[in-house]
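Coming up are structure 1 and structure 2: the same protein chain in two forms, each one given alone as structure tokens.
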Structure 1
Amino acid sequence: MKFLLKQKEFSVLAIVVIISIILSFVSPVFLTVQNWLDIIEGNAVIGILAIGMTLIIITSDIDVSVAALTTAVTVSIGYLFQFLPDSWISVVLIFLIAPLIGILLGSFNGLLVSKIKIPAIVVTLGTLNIFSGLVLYITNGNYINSTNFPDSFMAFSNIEIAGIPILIYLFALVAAGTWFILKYTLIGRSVLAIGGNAQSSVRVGINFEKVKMFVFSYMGFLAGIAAIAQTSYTSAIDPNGLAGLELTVIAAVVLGGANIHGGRGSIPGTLLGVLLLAIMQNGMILARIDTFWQNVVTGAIIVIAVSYDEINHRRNQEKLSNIDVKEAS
């Protein structure tokens, strides 16, 4: 029990439960099954991107281009629909092509970070503007509505199994698959090792460049999946629809227990972070609080969560320094 209480994920779960109880008094609609399905489905895109961001943050890097990258893939899907037949083959092709485009864009970030050794924040700030600029140039800022989508894709978007929307199953599949990779595969353990101590991990034979390429390419892969989810959920393509979403993604990951300095993070923690942000947003909507407060809350959460991690990091560093001094004397 003491071990659980020390886990940050347990603290986030406790906060989720407390806020849920409070919101149930604010609105009787909050605890209904339909509302919770709407919350999860509506945040599936954020959740998928946050799962990818978890791996990047574990390796002590960050990717602020994820929203722009996802939008670029979404626009690619929209234009691709014009050349695809109205059959289930189109859905299969989209699930092959969209992640591939995402991998290509994500690996571009990874190449600059791993091979040329440019700081990730600089690289992804640059590619954020590149992707956003190209998207606005190609689309001229115009929507692409569902009239251009194959009926088969719209049918896929409306699938429900046991009353649960298909996007929730897609989200769950991504979460389970990434959890397995992180916990049971060599590349997953290498991600954790690089984040924990990059120099020591390199000394024991872990390929630093390969790991960095993997996490950014995998982020691109999940951005491709998120693009499909976004297109399916909105039944439209908005070149500006995901602007600023990277802040919410980062907030969810840090709030879920990932250390911004790297070395710590988990998929269950990230899912709890996404859920916490989602129910807070949903609660503000049900309470009819102005929508701009959602940005204020997200920003405040980032500042508080990062400050908390930074304070803990400094304390741990001071403890290690004291131990070294005592051993030396």
Structure 2
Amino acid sequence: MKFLLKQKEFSVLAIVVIISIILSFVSPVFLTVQNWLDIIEGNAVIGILAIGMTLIIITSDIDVSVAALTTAVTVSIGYLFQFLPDSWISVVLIFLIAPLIGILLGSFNGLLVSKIKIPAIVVTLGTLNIFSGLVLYITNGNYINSTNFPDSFMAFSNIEIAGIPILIYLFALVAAGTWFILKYTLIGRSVLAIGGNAQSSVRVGINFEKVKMFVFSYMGFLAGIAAIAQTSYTSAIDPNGLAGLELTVIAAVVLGGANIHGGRGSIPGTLLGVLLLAIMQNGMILARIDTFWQNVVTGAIIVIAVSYDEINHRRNQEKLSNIDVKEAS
């Protein structure tokens, strides 16, 4: 039973393992610790956003404004850096303020989705335009490079514990925290509940609007964290740097087995989805695939993975509906 339920995660895991095996034959560096640390660190931002997106997709919504929202926070961080002193306090402050800005923007999405009942894809399409338009207008697209950053922040970025960069810890913390919320808090289970059956949730007294509000605000919160991660990863703020990332994030989540119709999705699954996309990117160069064909390969793998998953899902559903037919007597 457990196996059956985990099947969705299992199929991504299988693909990840297969690709990994192929890559480790093709390139000796693929299986090195350093390469994996690079892969994980390089995808921490996508990963953190994907974790937030998982909750949203579980409630059968979608958020295409994540990249714009994260960029808005990174830019705010950049402006804040001009005022913050070069001390550890600044790092702490950033960790307070960035998520707060994220929550603010995210809850704007949440408000429109839950109270005004505009479909999430429409709301976030609108806010995508608004956030990114404003960011470009205000910054005029200019980079803010690390010369303007407080040294304390740069020091923070470069921390390594046991040879593992700080960003990976941050990513792990977000993943574990969200996993815990999803599994061990009422609000977490409510997220799954409203995704499983929205009407039922209203009838049993779950505050549907509040939960929607929560997932979008939480997405905003994680976007705030992701903004810090992005800033420390690139040591620069590029107002165009995340453009288009929302589709990668969504792809990672659905590859990880979250159901776009809601009700299903898990943190481990999403992590696998992120990993799958990450090793594909990484592998393209390691496997020395002709650049002009890389998109073809990526696109094909996405189509194959979602199709495979759908076929699998169908087969399981079919089994579920079976009855125990009497044997001939």
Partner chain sequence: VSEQSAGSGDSGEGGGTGNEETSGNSEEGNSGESGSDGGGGVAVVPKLVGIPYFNASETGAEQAGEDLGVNVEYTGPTEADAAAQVKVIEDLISQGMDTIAVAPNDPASVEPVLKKAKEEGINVMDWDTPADKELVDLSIKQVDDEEFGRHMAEKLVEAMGTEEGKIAILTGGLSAANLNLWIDAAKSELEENYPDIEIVSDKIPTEEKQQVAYQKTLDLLKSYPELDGVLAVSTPAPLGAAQAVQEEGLQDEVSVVGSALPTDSEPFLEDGSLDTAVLWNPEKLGYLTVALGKMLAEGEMPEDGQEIENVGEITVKDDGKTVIMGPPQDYTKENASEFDF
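Here, residue number means position along structure 1's sequence, counting from 1. Note that this is a predicted model, so its numbers are computed, not measured. Basically, rigid core = biggest C-alpha set you can superpose within 1.5 Å across the two forms.
Shown second, as structure 2, is the form predicted together with the partner chain. Comparing the forms between structures 1 and 2, the C-alpha position of L37 differs by less than 2 angstroms, with the core used for superposition. After superposing the rigid core, the Cα of I289 is displaced by 2 Å or more between structures 1 and 2.
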